[in-house]
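First comes one chain, alone, set out as structure tokens in the form predicted alone.
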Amino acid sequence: MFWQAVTLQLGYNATLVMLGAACLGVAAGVTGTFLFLRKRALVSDAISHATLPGVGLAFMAMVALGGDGRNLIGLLLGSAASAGLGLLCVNWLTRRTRLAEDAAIGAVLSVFFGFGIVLLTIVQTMSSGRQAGLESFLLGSTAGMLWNEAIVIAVGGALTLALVVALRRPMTLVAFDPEYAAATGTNVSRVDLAIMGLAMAVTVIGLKIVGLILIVAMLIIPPVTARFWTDRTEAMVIISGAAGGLAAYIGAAWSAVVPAMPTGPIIVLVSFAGFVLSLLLAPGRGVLAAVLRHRRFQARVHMRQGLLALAQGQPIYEGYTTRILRRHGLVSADGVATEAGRARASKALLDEKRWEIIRADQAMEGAAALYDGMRALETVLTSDQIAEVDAKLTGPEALA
């Protein structure tokens, strides 16, 4: 059943929902990358909650004009106007008052959301509002999605994605170094508004699928997921868009298979599952990679200390050190150094004496800064420099 959903064999409505969700996921992932890099992720929360009053006011206005208050384009335009006002309020409070950005976001978020709930309550008392279904904009609803609604979502997502591609260079510059961007003539405030405006566009488009509460997750989780896999902005944008699109597609497919399962929350849970997998398995920043690096470092430390102990004829009390040496064939089962172990131990002691000379020589200050007790001397100095250090070793015991 799930395979039929993934291969778009569950019917017309399921296909519309899945393709529309995938377009939204890609747009949200790509746009959210710049919010994340600019450290403005919580702005998306204020924007999303600020859309609710616009939905209620747009419904009332369309009904007052004799139209269908449930027209999606009208509701999205109203939510966009309301979100834009909320965005301007956050900027004004941040720039013109002493409020920090997080406090301004909290104030705008709570006030707009509270006003929106009041408006939805009023709408429910209207004769034309009882079946409006505006509460679906809180958590999203894809049941009975029409062709024109899917087209609106897909086209809006594609346009947002195109704008992100067109503005990616100034947005990247401002995200990483706003001072340098300003020095090069880039209008930082306008670029910031463009980033948040694109986030607002994704939020408005995503109201129908995931709702204003969960759209924040689609803007934040994919970029965070992508950050585990790369250090390059271009690659991060691609991975984030792919993660967002894939999570939305799989979540919509899963929702189509399981009866009465809400699409928005499932999409968010699938996206979170991708985040958890990246957290655990990413080769650079994942937990597993960090554990393996720590284990390798620990083994190197024990190897070094064990070799120095062998070279100086000291007993080894640490069982892990003995196991490491035995695993590499440097000591026998009874703890006696093998021929290879004695050679490695002598080399380790010699390098330790060489490092002592290097660290005491101001002319080799750069090389001395690289000393960590385990770095191979040959990776720091040339053979001629090593020969020069060896010439400073005095006494037969120094070369033992």
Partner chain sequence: MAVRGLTVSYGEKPAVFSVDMTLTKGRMTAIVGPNGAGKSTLLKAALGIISPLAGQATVYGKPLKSQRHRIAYVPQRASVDWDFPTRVIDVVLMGLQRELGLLGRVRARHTAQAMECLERVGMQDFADRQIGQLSGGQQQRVFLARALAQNADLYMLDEPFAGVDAATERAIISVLKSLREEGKTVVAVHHDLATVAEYFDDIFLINTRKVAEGPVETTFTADNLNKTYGGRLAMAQIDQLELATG
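Numbering follows the first chain given and starts at 1. We call the rigid core the largest set of C-alpha positions that still match within 1.5 Å between the two forms. Because the structure is predicted, anything quoted here is derived from the model rather than measured.
Not pictured, yet referred to below: the form predicted together with its partner chain.
Contact here is defined as any heavy atom lying within 4.5 Å of its partner chain in the predicted bound form, and by that definition not a single one of A290, R342 and K347 is a contact residue. For the chain shown alone, T121 is not a contact residue for its partner chain in the predicted bound form, no non-hydrogen atom being within 4.5 angstroms. Residue contact with its partner chain in the predicted bound form: I205 places no heavy atom within 4.5 Å of it. A residue is said to contact a partner when one of its heavy atoms sits within 4.5 Å of a partner heavy atom; Q385 meets this definition for its partner chain in the predicted bound form. Though the partner is left out of this view, R227 does reach within 4.5 Å of its partner chain in the predicted bound form, counting heavy atoms only.
In terms of contact with its partner chain in the predicted bound form, the residue from L193, I220, A154, A175 that brings a heavy atom within 4.5 Å is A175. For the options Q298, N71, N148, T184, the residue carrying a heavy atom within 4.5 angstroms of its partner chain in the predicted bound form is T184.
Judged by heavy atoms within 4.5 Å of its partner chain in the predicted bound form, the contact stretch among the candidates 230 to 238, 325 to 333, 100 to 108, 310 to 318 is 230 to 238. If you fit the rigid core between this form and the one not shown, you'll see the Cα of A14 move by less than 2 angstroms.
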